[in-house]
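The chain that follows stands alone, in the form predicted on its own, written as structure tokens.
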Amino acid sequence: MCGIAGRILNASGKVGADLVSLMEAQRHRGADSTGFALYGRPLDSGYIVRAMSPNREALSVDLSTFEDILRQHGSDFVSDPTWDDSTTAHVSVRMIIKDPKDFAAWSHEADSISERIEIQSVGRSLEIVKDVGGAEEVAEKHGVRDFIGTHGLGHARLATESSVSPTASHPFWARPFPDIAIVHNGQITDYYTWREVLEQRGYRFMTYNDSELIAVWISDQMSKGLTQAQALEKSISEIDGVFTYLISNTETMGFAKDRWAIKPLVAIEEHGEMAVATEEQAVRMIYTGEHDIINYDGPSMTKTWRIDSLREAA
């Protein structure tokens, strides 16, 4: 079933708290796991890396290997990595690294040790935080409510096919493009066909979650020169299934809906801000009182919000 949400503020603020409210309102759609793609103040240089370790006891050794790969690509840690010490498995790790000489080449090699440290996101601004449980539990564990930023995505998952684990949760990063994340509600029916094609093109998949395919597919299209908006439009005819997904980067947020329009999406846009979610009652947790609801209920729909344009319209 799953629930998705997006939030754009007209100035930097408590976007984490808003996304938690949006996702907690949709907890009934799935509480196997919850995740957030959060966009904070962008770094002038370097990247924020969010990763996950399966084994706390081996973390020091694995981080040393990770650092070796960084150095081979002209990068290094800006400061010592930090991690969640409350668990011994699926340990959330946060790092800031210097710019690699070749970002895609570094990302590809770093993914070769994904069984030891799996990268969840990389960006000047983006941080993906996800874990098992509902929005409140994940937010409390990882401090999501305190995150200050401009925009972000949220996802509540009911696992129907792939495993229930933090790494199989949404959002997914569109590797190897920094700062791009997706959340998805639906099912991709030609998943294995597309996966085989993309693997033959050199892409790696970290999970068997069909939603990860969208992130990798978008990445492939952008590598061919398409803009994010063009890739959204193309996905409707190229990817088979019932789906509504949201995709974000530092400058835009957009969505695409399949040709049958089975998965709902509603939004409120006011004063240079926006909240969008699977259910109307979720966006009304942010906008109480009388507000005009935009119901994106048609087939083959796409839309892109420009973060700056919304603010200029305020």
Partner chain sequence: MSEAIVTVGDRPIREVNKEIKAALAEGNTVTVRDTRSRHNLGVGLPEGSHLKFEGSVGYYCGGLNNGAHIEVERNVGWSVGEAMASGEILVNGYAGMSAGAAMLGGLLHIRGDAGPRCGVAMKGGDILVEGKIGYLSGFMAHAGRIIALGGAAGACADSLWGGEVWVAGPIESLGVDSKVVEPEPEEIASVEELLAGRGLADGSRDWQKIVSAQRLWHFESRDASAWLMI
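Positions refer to the first chain, counted from 1. The model shown is predicted, which means the values in this text are computed figures rather than measured ones.
Omitted from view is the form predicted in complex with the partner chain, to which the following refers.
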Report the residue, out of Glu269, Glu251, Glu279, Asp32, that has at least one non-hydrogen atom within 4.5 angstroms of the partner chain in the predicted complex. Glu279
Whether Pro264 contacts the partner chain in the predicted complex should be assessed with a 4.5 Å heavy atom distance threshold; does it? yes
So, in the predicted complex, is Arg50 in contact with the partner chain at a 4.5 angstroms heavy atom limit? no
Should His291 be counted as a contact of the partner chain in the predicted complex, where contact means heavy atoms within 4.5 Å? yes
For Ser12, is any heavy atom within 4.5 Å of the partner chain in the predicted complex, or not? no
Judged by heavy atom distances of 4.5 Å or less, which residues of 167-204 approach the partner chain in the predicted complex? none
